[in-house]
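This document starts with one chain, in the form predicted alone, laid out as structure tokens.
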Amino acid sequence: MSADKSKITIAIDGTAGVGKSSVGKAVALKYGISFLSTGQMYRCLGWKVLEKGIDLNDEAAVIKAAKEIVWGFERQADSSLKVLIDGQYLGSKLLLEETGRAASKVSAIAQARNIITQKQKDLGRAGGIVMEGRDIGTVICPQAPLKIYLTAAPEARAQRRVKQLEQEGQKADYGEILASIKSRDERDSTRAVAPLKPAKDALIIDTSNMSLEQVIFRVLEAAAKVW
């Protein structure tokens, strides 16, 4: 067992809408380390490409934009890392639908993805971090002593999303959300570059019938056996 918990590295992967960020932040906070949702970095690149007026199909220009990014990370009170791009925090711009679509497009460009992947690998090797995404245990941090793979039935995830939106006062169509989740799962698991799949030594947790607190407890229980 490692006595230096500040060097802990935990990899959390899983399907869309399964609560990876909520679990990751809680676990990082427990250990006093940082939490990074890696998808933010692809959204940053997507935003930059749109901001510069680059054609999303111009792979050479997208790769050049990825190479030029100066990354910054600021740890927040909830343990999460605020991602800065060229000294700028994008905030709500990261949540825009067009930013998400651009992120999906640029993340499929192998060379652009490799540039971001390398930065994420550097963060993982430094330790003191919980990272969540789609390829953390398989590509970014295969050396992580603890790898978690969270999953849940699409129907359960759709119901959670509907509840979340309704609590925020927004309208929610269960059928549309369910179809979107299934489509995202298909894209994530079948893409050519770093497809979503559990690492061979990952602890797989099906959260379909679990509360957030129960999932967090299960991950912390697994972490306690390592550290």
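Keep in mind the model is a prediction, meaning the values are calculated, not measured. Numbering starts at 1 and runs along the sequence shown.
One more form of this protein exists, namely the form predicted together with a small molecule; it is left out here, but the text below deals with it.
Shown without its partner, this chain lists 112, 103, 123, 83 as candidates; in the predicted complex, only 103 has a non-hydrogen atom within 4.5 angstroms of the small molecule. Using a 4.5 angstroms limit between non-hydrogen atoms, residue 46 is distant from the small molecule in the predicted complex.
Interface membership of residue 154, defined by any non-hydrogen atom within 4.5 Å of the small molecule in the predicted complex, is ruled out.
Although the partner is absent here, residue 59 sits far enough away that none of its heavy atoms falls within 4.5 Å of the small molecule in the predicted complex. When contacts are judged by a 4.5 Å heavy atom cut-off, residue 136 counts as touching the small molecule in the predicted complex. Heavy atoms within 4.5 Å of the small molecule in the predicted complex belong, among the stretches 144-152, 67-75, 127-135, 84-92, to residues of 127-135.
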